[in-house]
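Subsequent text provides structure tokens for two forms of one protein chain, presented individually as structure 1 and structure 2.
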Structure 1
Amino acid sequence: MALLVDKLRPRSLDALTYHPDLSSRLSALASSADFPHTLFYGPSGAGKKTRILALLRSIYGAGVEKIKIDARVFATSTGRKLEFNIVSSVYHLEITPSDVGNHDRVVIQELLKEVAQTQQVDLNARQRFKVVVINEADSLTRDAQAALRRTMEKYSANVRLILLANSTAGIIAPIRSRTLLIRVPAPTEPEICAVLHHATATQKWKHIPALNERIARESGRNLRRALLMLEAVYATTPDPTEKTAIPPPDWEMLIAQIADDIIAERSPKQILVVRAKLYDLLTHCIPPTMVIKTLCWKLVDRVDAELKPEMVRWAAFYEHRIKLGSKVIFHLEAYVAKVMRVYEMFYAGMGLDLD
């Protein structure tokens, strides 16, 4: 059964109820004869992917929704084989090269070169180029981005790139200068409330404005999260009220437990306990950067004011290490160990016995 966030996903630019000025500009861009390489950036849950799919539908029609998933194998220079999934239609491909870590350059070079050397097969298509959507573009290595820049220059006649990123900070300047930057800001809380009202009306659920306002506030202006929270409330409580508790995601509850474990005991034995929970999060596909950010804020809520900057400082340090390395569990454990050490030293300096 499809989730509410997928069932209610708008399929056209006109159906998007927030940021109407951005939708009108994208509509004009879709009808342009000279469609550029584009870079969509904005916070998670702002609707970047939804707008891109609606844009592709405006360009090519309903054919972009007839997708398939192909498993491809790429070989590195050392002979290592990389398994990689590609979501594609006749008109476009969607890839996430950062899934293969530091070998993303291989995927960029081989796959994009293969796509760029072929022309559009549908003679009735409005545009003669194919579109390649690259997710998590700000997580690409410098080598992969350099390869991407060369592809953009050499094969622009047959392929257009649409890049997705949470921020432009991780994108090299040559790529930023060759793309049209499109910022998708997070929806406001009233806009999220309007979407939640539409969702409850569509599902024939009881409409509770006060509950919707709480969900919009607690979602952090993340529309995807707000819809998931709304569905969780009605799934767990058949007849909710404005004071009904909003259940947090399971992974967030587990991170809260990790924060409590760190505060409760700081020892090698406790690190092993935390390690098992970190592995659980990673095996359920929770991004490691999301884990460390959420853990940081959970710890900030649990420590004294003097320690809060240290929690944030070391979270930023090890988040950077995660992006540079390939074994994310090492850096997550290192953050946990560092937090335990900082916590111990701070209270030892105050002459307090934590036991």
Structure 2
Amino acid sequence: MALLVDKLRPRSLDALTYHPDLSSRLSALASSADFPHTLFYGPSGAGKKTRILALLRSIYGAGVEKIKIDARVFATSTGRKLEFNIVSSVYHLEITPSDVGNHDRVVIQELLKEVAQTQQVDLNARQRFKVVVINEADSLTRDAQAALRRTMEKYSANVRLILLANSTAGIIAPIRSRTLLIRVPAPTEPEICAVLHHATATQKWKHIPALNERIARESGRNLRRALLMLEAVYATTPDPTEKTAIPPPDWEMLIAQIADDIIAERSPKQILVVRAKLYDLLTHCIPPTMVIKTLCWKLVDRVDAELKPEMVRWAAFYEHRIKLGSKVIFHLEAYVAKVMRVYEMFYAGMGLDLD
């Protein structure tokens, strides 16, 4: 009894409900003998992975669904042991190099070469090459991406790569030029509503279009999220109506609390209170950029119109710093201090001229 989002996942290109153009192009690709390296990119919850799996299935047949997980151990140059999970079927192999953080280069170098140097074992396979799916390609380090460049050309006889990224920004140009870029846009709200409707139908749940629309809007056009929200609504309230609140995820609630704290009192003491909560978020694996972004939006909801641009401005400023720096909490705290000060100055009628 898996969750809806996984249970209802379409498994073939034909079953995909939206982006029909893309689906047809993919099936054309699959049927051709030549399959290029590809880079799928698009926001999360748009259906990239689903499309890739469907694509693989149409290339190799149902065999790709017989997958297993292998744990491999790699040694870094310093002798540290890295554990690494590989999901694989006979025809393809799926890796997430960012699992090993900064050592992803080792994995890319060793693993890819190893795979590339062996030929397809199954003589009945429809294609001579194997496919390596690289998840989170945009978080690959530069080194790892550089290691990828030459491999992609040299071993193209045996291996095709499918890279998966949220945006192409993190991918170096040489790689972009070696791949076929396939953009998977987020589904539109009506498309999401359609999916939600389908989902409720399979579950024999009451169909509430207004609720679905709300969910689609709240989900930020993230289909995965929308489905999970839908299920959450039905899980918490057995008999939902149009007005039923959509339970926000835990971390979002905490960030909302932080925003309230900041508005309620502005003092160094309060910064300490907020710091504890920020620490909580960070330790519980909420990425800092997500924290600062969410916090910013929550603050924007709560402040005067004139202050909104300031909130965003500083959020952007410190988000950049989070990327540049190493100790995230420093920048988050600086943002909080800045917001408090700006807020206080504004309400003291002093204008927003800092310094």
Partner chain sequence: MPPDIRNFFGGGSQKPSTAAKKASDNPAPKKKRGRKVVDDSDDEEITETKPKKAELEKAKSKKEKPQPKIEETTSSEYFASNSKAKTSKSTPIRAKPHENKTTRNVDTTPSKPRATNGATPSSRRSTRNIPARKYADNETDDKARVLDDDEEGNDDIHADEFARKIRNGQDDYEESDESHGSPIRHKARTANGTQKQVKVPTKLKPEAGAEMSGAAGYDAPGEAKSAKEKLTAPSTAGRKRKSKSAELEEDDFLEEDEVPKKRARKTPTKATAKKATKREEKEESKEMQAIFDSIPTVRAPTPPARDPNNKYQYNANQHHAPPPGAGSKVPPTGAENCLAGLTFVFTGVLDTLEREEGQALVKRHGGKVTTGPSSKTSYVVLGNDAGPKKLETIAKLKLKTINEDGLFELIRRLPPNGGDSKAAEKHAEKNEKEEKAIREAAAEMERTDREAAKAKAAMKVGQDGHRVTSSASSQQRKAPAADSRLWTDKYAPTAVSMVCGNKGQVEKLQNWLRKWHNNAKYHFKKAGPDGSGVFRAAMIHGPPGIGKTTAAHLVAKLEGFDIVESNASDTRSKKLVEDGLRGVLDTTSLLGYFSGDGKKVEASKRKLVLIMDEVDGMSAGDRGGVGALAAVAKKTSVPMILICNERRLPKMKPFDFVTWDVPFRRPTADMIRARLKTICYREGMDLPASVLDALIEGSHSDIRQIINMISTTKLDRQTMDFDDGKAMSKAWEKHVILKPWDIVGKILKSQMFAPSSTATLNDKIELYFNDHEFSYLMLQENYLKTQPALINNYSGRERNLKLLEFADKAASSISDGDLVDRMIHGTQQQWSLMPTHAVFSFVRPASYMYGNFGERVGFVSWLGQNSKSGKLSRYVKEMQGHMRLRASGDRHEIRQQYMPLLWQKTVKVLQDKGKEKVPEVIDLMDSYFLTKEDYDAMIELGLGPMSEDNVKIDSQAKATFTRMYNAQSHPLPFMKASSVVAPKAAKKVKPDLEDAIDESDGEELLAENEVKEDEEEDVDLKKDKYIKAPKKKHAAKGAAKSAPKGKKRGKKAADEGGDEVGDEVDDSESEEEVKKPKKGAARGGRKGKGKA
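Keep in mind the model is a prediction, meaning the values are calculated, not measured. Residue indices: 1-based, along structure 1. Just so we're on the same page, rigid core means the largest C-alpha set that superposes within 1.5 Å between forms.
- Where the criterion is the form predicted alone, structure 1 meets it and its counterpart does not.
- Once the rigid core is overlaid between structures 1 and 2, residue 14 does not reach a Cα shift of 2 Å, moving by less than that.
- With the core held fixed, the Cα of residue 80 is displaced between structures 1 and 2 by less than 2 Å.
- The two rigid parts differ in orientation between structures 1 and 2, with the smaller turned by 15° against the larger.
- Its Cα shifted by 8.0 Å between structures 1 and 2, residue 269 is reported here after superposition on the rigid core.
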